[in-house]
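What follows is a single chain, given as structure tokens, in the form predicted alone.
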């Protein structure tokens, strides 16, 4: 019986606090500025990918959530797969002639996201990271996550940051070939385990303007982007890295919100303008601003930091001690359908099937800062925390059947 060459891996979502927006090289996906993100717990948000190499496969094939996704020549998918095959040949097969020449085989790849795809929840980041991690295990590559990030970056820029857990910087680099545009870990998840996140899913629809087309329009037309690249981001990268290392939430929150605001200002400065946020998104900002104002007025510091990627969904970073109060505030303005809130971290303890019973506004809070919305304006809440990097999974979690097609289709 011939050996089966297969590996399964999962990879996490990361949500940037210093935003990546704009490429100086669209083929290699080299960014116009460095960025920094927080990796979220893949127990709640993840992409899982199984890769198999076999001499009998007629072509490379990939299925995403059970549907075949065409691998077009020269596409990002094709680039990542061919680069991983090249790495297998160069660092394994060429150095040890006894190794099986599986880099010459076609591959079948099945990938599954446990959250909506293309809805502003960084599905391409976790997806390409899981693809690269799975192929790295399949090919038994003795290389670092930073080396793998060079390839994941060519699939989706933000994917390079999902090759690490904790707090991760994507260094923009200066080499035209992209050899120094890679991800490095600023701090592991264990460094600041109190950091948590509440994701408000405002819309799970596919967005109107994709990140890829939107950011290139911004590069071509926005004067504000050039100011951001040259003057703003380098200082923020330095300051927020220091804040993370010192576990300084005040500084972390201030920079996170300022950078989110500026990213959306740059989108608005694009011709024609791009709108990723909506009325619900802006109402959540108003709530967090007032929540922080109240805390500071009472002698405290910042308790919450909102950030928005290229979509209307809010990610609210906060320390564990404040996350329950924030969830109660959000539910007060955005009631949920009973059973929609998956209280996986036990925020409200037992019997929280209807999270609306916990709705509560802090004493002294100015309730006029936003209107109260109908059920469904925020379609779901995901409470999660800082998490680890890609995981190698066992054969029992394979997404491919013995025939080499996804189990859902077998």
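Residue numbers count along the first chain shown, from 1. Remember, it's a predicted structure, so these values are computed and weren't measured experimentally.
Note that the form predicted together with a further copy of the same chain isn't included here; everything after this is about it.
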query	finding
Touches a further copy of the same chain in the predicted complex: residue 289 (any heavy atom, 4.5 Å)	yes
Contact label in the predicted complex: residue 271 to a further copy of the same chain, heavy atom within 4.5 Å	yes
Exercise: residue 95 in contact with a further copy of the same chain in the predicted complex, heavy atom 4.5 Å	no
In the predicted complex, residue 333 touching a further copy of the same chain (heavy atom, 4.5 Å)	no
Of 262, 196, 113, 149, the one that lies within 4.5 Å of a further copy of the same chain in the predicted complex (heavy atoms)	262
a further copy of the same chain: the contacting residue among 88, 108, 303, 228 in the predicted complex [heavy atom, 4.5 Å]	228
102, 131 and 137 all contacting a further copy of the same chain in the predicted complex, non-hydrogen atom within 4.5 Å	no
Contact segment among 184-192, 164-172, 253-261, 321-329, judged by heavy atoms lying within 4.5 Å of a further copy of the same chain in the predicted complex	253-261
Residues in 219-246 close to a further copy of the same chain in the predicted complex, defined by a heavy atom within 4.5 Å, in order	223, 224, 227, 228, 232, 236
